[in-house]
Structure formats: C-alpha cells, structure tokens
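Below you'll find only one chain, the form predicted alone, shown as structure tokens.
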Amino acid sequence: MRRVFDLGHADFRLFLKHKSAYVWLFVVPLVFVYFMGFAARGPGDPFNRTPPVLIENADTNFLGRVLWEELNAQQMRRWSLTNREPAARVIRIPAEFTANALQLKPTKLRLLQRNDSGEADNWLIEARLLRALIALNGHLLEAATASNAPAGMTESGLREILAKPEPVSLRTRFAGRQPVPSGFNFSLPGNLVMYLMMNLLIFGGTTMAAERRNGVIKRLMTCPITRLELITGKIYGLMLLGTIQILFFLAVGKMLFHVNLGANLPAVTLTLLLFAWVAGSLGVLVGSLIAAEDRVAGICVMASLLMAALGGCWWPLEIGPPLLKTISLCLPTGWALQALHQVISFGSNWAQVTGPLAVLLGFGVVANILAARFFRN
C-alpha cells in the first residue's frame, strides 16, 4: 500500500503545480454555483409553495384591511399593481365589502384566473382564500356575539378579538411527491457533481495518455510495483484532487450559500467521495483506452457534459419527462444527485441513500475492473 500512496501523492502534487487546475477546481464551478443558484431559486420553502397573487382591495373601510391581513396570514405571496404579470390569480375585494357585511348582506369576492397559470397553484390559492374567509367569518361571529349588535361593530372591537391568542393551532404541510430542489440546494450539488466528473475525467485521462506517450508508465513498470498498484495509485491521486474540491465547496456551501448540510454532512461527504472514486476510475479507463491526449480531453469534456445534462445537474429531474428520469438511472451522475438531493433538499436519512450509494459502489468496481483490463504500457 505504501507504493500506492507514494504514487497517488506524487500525482497529486503534479496536478497542483498547474495553475489552470485551480481555475477549474475552484473558480469556474464557484461562478456556476452562484449564478445557477439564483436562476433556480424557488418561491420560499419548497415544502410550502406560495404562488404569487395580486390582491386588488377597493374597500377603504376596516373589514377590507382585516381581510387583507388574513390573506397575508395564510401565506399569500402578494404582488404589486405595478408588477402584476407573474401573479397566478387576482383577488378583488369590492368597495362595498365592509358596508354589506355590517348590514348582514352577502358580498362576493372575485377570483380571476390567468390562462397560463398552473392548476396546482390555482387550487392552492383557492384553498388559502377559503381558509382566510373562514377565519374572518369566525372573528366576525365572535365580535357580533360579544356586542350583540353587528351593525355597531367597530374596528377597535374587532382588533381586540384578533389580538387574543388562538386557542387551537394547526400546522400543515404538503404530502405526495417530493418538492423540486431549488436555489443553492440544487446548484451546489449539481455543479459539484458535474465538475468532479469533468475534472477527474480530464486530469485522469490526459495524464495517463501523456505518461504513456512520454514513457513514464514503462519506466514505472520496471520498478517493484504491480499493475494493480499502479492503477490504484493513479485513482488514489485523482481522489485526493476530488477531495480538495469537495471540502472547499462543502465549506463554501455551508458558510456562504447556507446550503442545508447540518446533520446530513456525513452522508453528503460519503456520497461525493464515492462519486469521486467512480469519476477517477473512469478517467483512468479513458486514458487506458485512448492514446492521443487531445482526443482524450475532447471525449472527456463531451462525456462529462452529457452525463451532467442527463443526470440532472443542469435542471431538476422532478420537472423532466419520465424518459429522462429513466436515463439518469443509467449514469453515475444521476445516482449521485439522487442521494445528494435526498439528504440536502428532502431531509432523508441514511436508509433512503443506501440504494444510490450501493449503485455508485457498483459503478466504481466495474470501472476499476475495466481500467485494469484495458491498461496499456
């Protein structure tokens, strides 16, 4: 094992002598994490969607203001009149809302739907509007019972009712499918997986091709080192390179981007280390199969970008077609992101990631066997 460690450490030091390595290890991925994190940011908590609503309040009296506050308490994400385009629905409070309520006359609110709004958002807005109206009617009934004169109800009397603590609280959250990963919780693992695969493929493949062309591998084979030790040492050096990148982005993600790691950090770290082993093994395999360095670099870039796109690094697989999800299960990037999203975005424990980790382990074993099989001096 000492020869494996010595070879891996020597390769690692040679990698770090290239200034361009730092750019592709740290600078470029960090830029992509930052911009994709803003581009993919979602509307707040993914478990509690708040589709935007435009509320047009024509009532200048106190019940219109109270209803407005109840809608806000139901987590309606209100939109301004000057920027109404993103609103999924429009709620219009009529001017006679307070007057009709005090005279015990029915009043209709208008709920307008945009043609391009999603059905799920529309149902969600309707449910929250219904809860706000039920809450307002409950407060009105309590205030009317206390004063025995609905027509004489005042804003101060209603505010006293609203200021009382609620005797019963209800906490709700959405069931069903997992939410779509968004923001930096999506961009950090996605870009880290993509650039781990790209860097370790390129560094591993081009190094193997260059050392074969320069006769370095032939000279190494004259030393007391076995073929298996040589391949293992090369993969170990690439894993050291990947580990530096992993530690850097986990620290940046936690301190700068506030990615949800916390108690899930061991599972995240193990997933990324396993993936780095897979990517390093594939890099050595490509370098064993192809002799020309320029061809190795081109193939590695294209392969890593293709696996990133199909594996879910560029967009969440939750919004893709079923075929794309099936294809992602054939790639190590898809399984790595499945495990990372489980522990980062969905708050799962070890039981939910054992399957993806086992598949990544299988990818690594197969890549190691193939790299040993097709290794050439």
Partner chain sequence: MSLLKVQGLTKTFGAIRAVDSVSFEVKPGEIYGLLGPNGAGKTTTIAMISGLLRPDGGEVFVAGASFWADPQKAKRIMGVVPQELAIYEELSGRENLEFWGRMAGLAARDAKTRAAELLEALVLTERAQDAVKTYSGGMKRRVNLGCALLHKPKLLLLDEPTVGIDPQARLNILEFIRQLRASGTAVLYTTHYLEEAETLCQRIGIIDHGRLLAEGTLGELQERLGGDRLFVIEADFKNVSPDAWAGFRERFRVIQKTDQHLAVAAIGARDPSECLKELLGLPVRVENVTLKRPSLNDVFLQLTGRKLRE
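Not measured: the values here are computed from a predicted model. Residue numbers count along the first chain shown, from 1.
Beyond what is shown, the protein has a form predicted in complex with its partner chain; the following relates to that form.
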Report task. Quick one: from Ala146, Ala99, Ile134, Val216, grab the residue that has a heavy atom within 4.5 Å of its partner chain in the predicted complex. Result -> Val216
Requested in this report: Could you tell me which one of Leu130, Leu111, Ala292, Cys223 places a heavy atom within 4.5 Å of its partner chain in the predicted complex?
Outcome: Cys223
Query - Asp121, heavy atom within 4.5 angstroms of its partner chain in the predicted complex - result: no
**Report entry** its partner chain contact at Val23 in the predicted complex, heavy atom, 4.5 Å
**Finding:** no
Query raised in the report: Is Leu14 one of the residues lying within 4.5 Å of its partner chain in the predicted complex, judged by heavy atom distances?
Result: yes
Requested in this report: Indicate whether its partner chain has at least one heavy atom within 4.5 Å of a heavy atom of Val365 in the predicted complex.
Outcome: no
Query raised in the report: Thinking of its partner chain in the predicted complex, which stretch from 189-197, 241-249, 272-280, 225-233 has heavy atoms inside 4.5 Å of it?
Result: 225-233
Report task. Note that its partner chain is not shown here; using its position in the predicted complex, name the residues of 310-339 with a heavy atom within 4.5 Å of it, in sequence order. Result -> none
